[in-house]
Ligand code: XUL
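Shown next as structure tokens: one chain only, the form predicted alone.
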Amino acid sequence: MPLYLGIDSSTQSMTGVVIDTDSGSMIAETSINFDEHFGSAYGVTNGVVDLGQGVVHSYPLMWIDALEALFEALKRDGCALGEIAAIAGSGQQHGTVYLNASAADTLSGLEPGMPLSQQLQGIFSRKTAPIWMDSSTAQQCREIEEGVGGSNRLLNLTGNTAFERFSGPQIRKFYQDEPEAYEQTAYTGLVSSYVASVLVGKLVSVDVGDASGTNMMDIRSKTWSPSALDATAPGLSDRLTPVTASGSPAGTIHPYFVAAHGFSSDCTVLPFSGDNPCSLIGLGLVESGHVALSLGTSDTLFACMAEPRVSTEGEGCVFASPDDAHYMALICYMNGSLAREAVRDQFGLDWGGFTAALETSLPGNDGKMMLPFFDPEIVPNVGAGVVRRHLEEEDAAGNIRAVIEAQAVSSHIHSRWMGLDITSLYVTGGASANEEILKVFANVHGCPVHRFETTNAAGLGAAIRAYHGHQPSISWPDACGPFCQPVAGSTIQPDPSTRSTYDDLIEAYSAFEREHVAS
């Protein structure tokens, strides 16, 4: 009975998800919270150190302390680590780790009987790692875009314009601010490749999924782009290992983990990937046209694409999928549950009252529309300010339907650049429990909506990647199938009688939004 382990090294915790492919079930999910276990030792809050002026870092050594604590916790929970056939992982995307020339020998020579963090403390050319929350690289973003010939050139080359949170701008800032430390850097990796390197005991390459979130990988050839590297920092190609396929094993687990934690000596380690690409697998999005929407604090749309199409308006990100065949599109809306809750609270309702008002109002809302920008919005990129058309502010039912229809219609309009025929929509997050909200999304998109309930899509996706990497003859749909099923009885079919109503609303809302953005 082989087991497979997915490790999710996220911002605030290290989580292990173990799946049993014989029974098609998740048999363990254990998490180590960084603040709870290491807050005093490393001085972190919510897993990070906020250094001010947009600079947010964390500690690579802390992640390794958490890794060992995770293995011990899994054993205490009754998980037989010796039965794990393969491991894959997910790392918080974009974070960069900088190692010196001693790293390779130290990793290969790990010895049991001494804590890992004690053995690894001398391998860093930079003791902290800037992570995805760091927004201090606006200058470097512009310089990289100029270096490759403009933002459109970088977009078409890498799939993304330069983002402050991406790895390339962070590397450039390090080179500019700490040139001596950069000179001492022999290897630059990501959170994902760093944790995998420790497990294998050698420097592991960045996989295609995580490399596509750096502003440095050619999205079509899936190799580092020489022009993007040159625009980022001098000699950078000498500090990187080649991009690797996500399904190509990195090696077997280092003997340290066999002796210290009881793993089998033939346990295979797959390259780790980013948390967003791993979530694509964990949601079962392994066929083009499959789309998931997380209705949370912010609303995030994930889509599986056959080809790497890009948004010329800069409305989304494009990553390579860890299935090594598809691509991932991602759109994030700031005004998710924040907007829904604002409307609910405006009328002093609970969710039951909100739902009743939505249920009794009519599709199309008699032409009443809202641009629900309670906070500055990412898609479209506009400042805060709610705008209503043909809608009175005190009309409770009208405002409730308007905010939900705006969110559904916006997800339809702003996903067009993906070039997808959306055939199904998997919805997760808190609002996915509301059937009336899901009916609106089903009718607007004209496809079935399935509620998908998962607590850690990234960790589950990593475990499925370990399974597929160990048994590559299994198709991706078959690998995901047992673990990525919608909640039984949750599927909502679109109502054909609403099609013309929503076609008209999509056109009207699109014009309404364009007028506001242009004003």
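A quick note: this is a predicted structure, and the numbers were derived from the prediction, not measured. Residue numbers run from 1 along the displayed sequence.
Omitted from view is the form predicted in complex with D-xylulose (XUL), to which the following refers.
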Listed range touching D-xylulose (XUL), judged in the model of the complex by heavy atoms within 4.5 Å, from 273-281, 137-145, 339-347, 409-417: 273-281
With heavy atoms only and a cut-off of 4.5 Å, decide whether Tyr426 touches D-xylulose (XUL) in the model of the complex. no
I'd like to know whether Gln92 contacts D-xylulose (XUL) in the model of the complex, with contact meaning heavy atoms within 4.5 angstroms. yes
Contact label in the model of the complex: Arg126 to D-xylulose (XUL), heavy atom within 4.5 Å: no
Indicate whether Thr498 is a 4.5 Å heavy atom neighbour of D-xylulose (XUL) in the model of the complex. no
Three-residue site Trp132, Arg165 and Phe319 fully in contact with D-xylulose (XUL) in the model of the complex at 4.5 Å by heavy atom: yes
Partner contacts for 462-487, taking D-xylulose (XUL) in the model of the complex and a 4.5 Å heavy atom cut-off: none
